[in-house]
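Here you get one chain, nothing else, as structure tokens; it is the form predicted alone.
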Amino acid sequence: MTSSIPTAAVLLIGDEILSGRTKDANLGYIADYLTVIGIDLKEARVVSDEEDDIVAALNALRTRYTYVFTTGGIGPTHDDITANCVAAAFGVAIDHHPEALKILRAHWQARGIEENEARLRMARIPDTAELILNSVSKAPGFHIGNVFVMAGVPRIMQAMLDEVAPKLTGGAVMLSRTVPLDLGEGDVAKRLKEIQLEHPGVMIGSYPYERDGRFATNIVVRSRDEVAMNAAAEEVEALPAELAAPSN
């Protein structure tokens, strides 16, 4: 991969994910989204609601990758500490953001919702951060440096990601082509390795599955170069005939 391709990491925050009470639906969505706009997702981590762990993970990821996307921990409860942790990681203060307060108060008033200390926590934003608007439930996320802080609820996170997308710089889009083979991985592994070596700008993955009591394999050929991808895929497509041919 060339160094010009932007990279990203995802940090999933919350004890509920690690305990199994909540099944994460955000990582796959973000991965698909970033692939489409030409950003390579290189790493994903899950951390508990512990400030030191969140700060350490943020600092490690934001210095290594072009972008970091966090999900979870920006709600009204005592264990929603992501905003505090981001402020600590960047060494800035945190306080109620005037625009966030305005958005939330208008939302609460329109729905007859009481303003209280817990709900006001959702307006606490690190200094210098910019808001990520939330078209679903109004409580904003925020963006500071190369870190984008989003909600954990999938529908809200997805809306925030749409809001964030115009701020991201993508690279060449990764293309893919799937070649189904009625062969097991063991039948094609040696030849696939050779094809991979012949096409260094191409990534080849094999994904076995069972069909009618026997194994078959989907070969996924990926590259940012369409010509190179197709050349490798055509060699993969020729494998059944090649392997069936009698050896001299």
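Start at 1 and count along the sequence shown; that's the residue number. Small disclaimer: the values here were computed from a predicted structure and weren't measured. Between two forms, the rigid core is the largest collection of C-alphas that superpose within 1.5 Å.
Heads up, the form predicted together with a further copy of the same chain isn't pictured, but that's what we're talking about next.
Heavy atoms of L18 reach within 4.5 Å of a further copy of the same chain in the predicted complex, making it an interface residue.
In the predicted complex, at least one heavy atom of R45 sits within 4.5 Å of a further copy of the same chain. Contact check for E198: no non-hydrogen atom falls within 4.5 Å of a further copy of the same chain in the predicted complex. Looking at A216, you'd find every heavy atom of it more than 4.5 angstroms from a further copy of the same chain in the predicted complex. With the core held fixed between the shown form and the other one, R211 has its Cα displaced by at least 2 Å.
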